[in-house]
Every structure is written in C-alpha cells, then in structure tokens.
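First, one chain by itself: the form predicted on its own, in structure tokens.
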C-alpha cells in the first residue's frame, strides 16, 4: 500500500484519462467537458504530488524513484500543460480542432513523461518514452485535413522512430555490457575501461538529443513547429523539452556518473553546435514559428552547456534555465494566438509591422518576451543564461562560455529585428480584436514573472535546494 501511495499521482492521472475518455465517448459535443475535466485532473495531480511526497524513495525493485527532482519536473510540466490548455482553447475552436481526444492524448503523453522522470531502470524509462512519443506522433498530425500538418506528423514519426531505435539499441548494449538495467547498478558496473558500455552511452545520448532537438539531431524541429497547429507547437516547445533535459540530467547524474570525461566532450560539442546553428539559422526566417523553432534549438544548447559541466551547480543552472525557458515560451506562443487577421491566423513576421500603433499592450508583451529570450537584463532570460555561464566558468570550460556569449549576441539580432518591425515599421495589416481572458492572463503572468524576476533571482535556487545530493 505504501508503494501504491508513492505512485498515486500516476494512478490518478491514468484513471483520470480513462474517465475523460468515457465522457468523450458518451456525451455529444464533449470537447469543452473533457477540456475542463482534464484541467481539473491535472490540478488534482499537482495537489497529490505536493502533499504526498515524504522524502526520496525507490520502489518496485528500485525501478521507480520518487524524489524531489522528479516531482519538481512533474509539477512544472503539469502547470505548463494547464496553461497550454487555457491559452489555446479559442485557437482550437477557430481551427475546428475541437476533438475530445485532444486533451486526452496530451494527458497520455504527460503520463509517459511521468514514468520517464521517475524511471530508475532502462525498461521503465523506455516504456515511458514510447508512451510519450506515440501520443506526440498523433498530436503533430491532429489537423488531418491540412496537408502541411500531415506532412509534419509523418516527418516527426519517421525521424523520432529512428532515434527511438538508436536509443533502444544503446539500452540493449548497455544491459549487455553491464549485466543490469537498474541505473544504480549500471553506475557501479560502469567505468572508462568498459568500451562497449561507452559505445552504448553514445547511442543513448543520440536518442535523447533528438528528443530535445539538439544539433545535429534537430532537423525535424522547424518543419514540425511550422506544420503542426500552433497549440500543438506550443506544447512541443515546452513540455517534452523540459522532460528531455530532466532525463539527460538523470542519466548523466546516475548511470553515467563514473564516465564523466567520456560524455562531457560529446555534450560540449552538441551544446556548441546547437547554440551556433540556432543563432545563425534563425536570422533569415520569415515565419515566426520557424524562428521560435531555431530559437528553441539555441536555447537547448545553453541548457546542455550546464549539463556538460558534470557538476551539481551546472545541473541546477540547467533546471533554472529550463524553468525560465518554459515561462518565456508559454508567453510567446500565447501572443501568437492573438495574431489573427480577418478571421485567419497569421504566422508571418512582416504582419507584425506597426503593431505598437494599433495594439500597444500586445507589442509591449512581445518586447518583454523577446528581450527575455535574447537574454537582455534585467529580465528573467538574462539570469537564466547568467547562472549557466557561471557554472560553465566555474568548471573551467572557457571555450564553451566564450562561444555561448558570442552566440547570445548573434541571436539578439533576430529578436531585436522582430521588435524593430513591431515598433518602427508602418502598419501593414489590422489584427482582429480577440477578447480572451485566458490568453491575456497567460501573457500577463509570463511577462510579470520575467519582469520581476530580478527582485529575487535566487528564489528558484531556494526551491531547488537539496535537489542534487
């Protein structure tokens, strides 16, 4: 019974999904009911996580770990999912995507992420990964009547299946060379002389790098971001990325802890490549969703730079970075839901021309969010980068820090270009007046947190105290 109590959030989420599915099947026009029910279920699961945790424990033959680290990320992805539901409701209605399966599939992917975050065993980790991935394949192509959306779904499915195969191959090799699937036992059996296990680690890193769209496994990101409906892109940009980085930290901190020098070089290369490509490739983009796709690639590079240090201060800086990244992207995509011209949603950056003259509040929101994404002080995005660079410098990875700072300057160009179009160009189109409280609340809260973060930049550190021991 104690084991069941520790896994109560997962059990509750699963039965909540079953209940939502029953409601969707037996009630007509059930989209709104299942959407509201899904939000209530996610809020209930947050309450369970916050009240049921009583210290780090491992259950089910040490395959499932319930600790502060996994619970922090579970709460983060639940809050993110709730805000995605809130802010995208109007968009889904307008796009006629109000299928009751939409919130249910998202909850299925969240359930898979829960098992990924708590996995202390290769088998449980892979089961969670596949549950998440299968749900994301469906979400990417949920707009079946749209050719671009279907194409995005197929691209994501094919490339993700390839990465999952490589990751599974790595897991099987790791089991073969260490004789166990348990993370703690792998750590005990793994050392720099075990060449086969190091080979397996490379395959696992490739699979995980794909999941967070790090270079050179990023090729799906711009097409899927552009092709999928904006509400799905919003989810893709935030929730799976946070989970993927958490899993990378877990792998580096437990099973691969004793081969730091072997994986550190790989992660440094991936981080540098992601920062450079994400910063340069975004400059010529005309579509704002593609711009945010390349932006997310560069942000994953900065986050991985913290992991590459192999230190607990580096891991903590990455957790802070991904938290602020989630807040920035929730606000940025909420702004996209207000880019509507004559009843049609637009994604062209040029359509933002002169936005400050007709919608000054929306223009100011873009300014705060894009300045924060660029890392301009005193906004939250600056402190996110600051903590990562401090951890990198403490680890004496000076080349990584210098390249990171240079790419930050380069990436600032395309963020500032958008702000220049909003504030200094002539008006080209007139945006519709969308009076949606949930969208505006999401934007307001996001901008508020990023603007006031400088008052107490260490408050996330206080929450994270004792996360790594």
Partner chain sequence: MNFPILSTIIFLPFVGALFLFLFSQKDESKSSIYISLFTSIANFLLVLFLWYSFDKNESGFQFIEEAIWINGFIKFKLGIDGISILFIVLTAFITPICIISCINSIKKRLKEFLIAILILETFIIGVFCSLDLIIFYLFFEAGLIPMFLIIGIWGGPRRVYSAYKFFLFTLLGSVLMLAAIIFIYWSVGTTDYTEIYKLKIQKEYQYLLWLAFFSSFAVKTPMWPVHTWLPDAHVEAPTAGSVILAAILLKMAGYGFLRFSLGMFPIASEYFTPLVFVLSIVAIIYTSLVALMQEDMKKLIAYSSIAHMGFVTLGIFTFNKQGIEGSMFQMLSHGLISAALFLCVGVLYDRTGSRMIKSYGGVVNYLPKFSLIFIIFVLGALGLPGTTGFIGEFLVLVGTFKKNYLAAILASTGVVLCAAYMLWMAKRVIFGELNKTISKLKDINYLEGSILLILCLLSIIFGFYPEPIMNTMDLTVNVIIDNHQNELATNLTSNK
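Residue numbers count along the first chain shown, from 1. Just so we're clear, the structure is a prediction, and the values are computed from it rather than from any experiment.
From this point on, the text means the form predicted in complex with the partner chain, which you will not see here.
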Practice task
Decide yes or no: are 377, 394 and 416 jointly within 4.5 Å of the partner chain in the predicted bound form, with each residue judged by its heavy atoms?
Solution key: yes
Exercise for the section: Go through 432 to 440, 64 to 72, 419 to 427, 29 to 37 and give me the stretch that gets within 4.5 Å of the partner chain in the predicted bound form, heavy atoms only. Expected result: 419 to 427
Practice task
Classify residue 48 as contacting or not contacting the partner chain in the predicted bound form by the rule of any non-hydrogen atom within 4.5 angstroms, answering yes or no.
Solution key: no
Practice task
Verify the contact flag for residue 24: yes if a non-hydrogen atom of it lies within 4.5 Å of a non-hydrogen atom of the partner chain in the predicted bound form, no if not.
Solution key: no
Exercise for the section: Look up in the predicted bound form whether residue 406 has a non-hydrogen atom within 4.5 angstroms of the partner chain, and give yes or no. Expected result: yes
Practice task
Tell me, yes or no, whether residue 454 is in contact with the partner chain in the predicted bound form, where a contact means a heavy atom of each within 4.5 Å.
Solution key: yes
Completion exercise
Among 364, 203, 98, 269, just one has a heavy atom within 4.5 Å of the partner chain in the predicted bound form, namely 364
Exercise for the section: May I ask you to choose, among 175, 169, 345, 386, the residue with a heavy atom within 4.5 Å of the partner chain in the predicted bound form? Expected result: 386
